[in-house]
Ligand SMILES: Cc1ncc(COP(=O)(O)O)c(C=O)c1O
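For reference, the chain that follows is the form predicted alone, supplied as C-alpha cells.
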C-alpha cells in the first residue's frame, strides 16, 4: 500500500538559502575550498555573557518545561525592550515566545488566516513567507518592487492591490529587509499604516534585523505610529541576528491579546515551549549592554561598503547600497541573457559559479527576483575579497567565447 503525500506537503519547496548553505558546507567537508555567501547568520560567536547564563541555567537544573508562551522573566524583558527601543507599551501577556521567528510567523498566520484568505507580500521577499502562507491554505499575493524604489512598496501600490483582491487579510512587512537590505522610513510607514487601517488589514511586521542598520538610519516599528495601528500589528522579532544566536532558536510575536492568546494555544499543541535554557540566556541578551551588537554592526558596515563598491566596479552589474541586514542584491541580467554557457536563469547561474568557481550565492529567483543574486556579507573580509575575485572571473568567463 502506498500512502499518498498531501497536496500541502507537495507544494512546499525546500528553503533555497538553507539548501545553498548545506551544499557549501558539504563541499567544504569534502575538502573543497568553497566561499559561502549564502548563509543568513552572523559569523560572530554568541557573546560570552549570554553563554555564561546558559551554563548557569544548566547548573541550576533549569531544564524542564516552561509556560508555553515563555517564562515571565523573558516576556518582561521583551516588554522592556519594546518600550526602550520601539516606544511600545506591551503587556507581557501579549507576547508569545516561539522556537524561532519562523515559528512565530506561522503560528500567527494559522491564527488569523482561513482558507483562500489573501496575504500581501512585497517582492523581493524572504524565501519562507510564501511557503508559510501556503502552509495555512492562504494565498500569497506578491507586490513587485524594483531598484528605483529601493525595493519598497508605496501606499498607493498597496491600496490598488487590496482593491483588486477578493479576501485581503494580511500584509507581511519586513524592515530591514531580507534579501534587499532596504529600510522603510517613518513617513513611508505612516502612509502604509493608513491604508491598512482603512481596509482592516493586519500587519505582520518582521523586524528581526532591527539592530543591524547603517549610516545613521533609524529603525521605526510601524506598530509605534499610533494606538490604532498598534492594535492591528503583530511585531515579529528575536535574538538570532542581533546577538548571534541563530542556533539557539528563539523568536517572539507581540500584538493584540486575542491573536497572541490563540497563537499560544496553537503553539501548545505543536512545539510547546522554547528550550528553557535558551529562554534564560535570552533574558540576559535583552537586558544587558549592547556593546557586542555595536561591534558586529561596525564590522558589517565595513564589509558592506567594500562588497557593494567592488560589485559596482564590475561591468554591467548594478547594486543598491543596502541600509540594513547583511545582504546585497546585485542585478546581473546582462550575464543571464548574454552568456555563452546556455545559462537561462539565476539558478543555473549560481550552479555554474558554485561548481566552477566554488562560491555559494543564492539565486534571485528564490526571492521572486530572477535577474538578481543575493550575497551575504556575514563572512570575513578575506573570504569576501577572494569570493568577489572569483565572482568577477566567473562573470567574464560566462560571456567569453572558447573558454
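Positions refer to the first chain, counted from 1. Predicted, not measured: the structure shown is a model, and the values here were computed from it.
One more form of this protein should be noted, the form predicted in complex with the named molecule, which is absent from this view; the next part is about it.
Per the 4.5 Å heavy atom criterion, the named molecule in the predicted complex is contacted by stretch 171-179, the sole one of 316-324, 171-179, 190-198, 76-84. Highlighted residues 126, 129 and 241: every one comes within 4.5 Å of the named molecule in the predicted complex, counting any heavy atom. Taking non-hydrogen atoms only, residue 206 approaches the named molecule to within 4.5 angstroms in the predicted complex. Contact between residue 249 and the named molecule in the predicted complex is found at the 4.5 Å heavy atom cutoff. When the named molecule is considered in the predicted complex, residue 100 lines it closely, a heavy atom lying within 4.5 Å. In the predicted complex, residue 40 approaches the named molecule with a heavy atom inside 4.5 Å.
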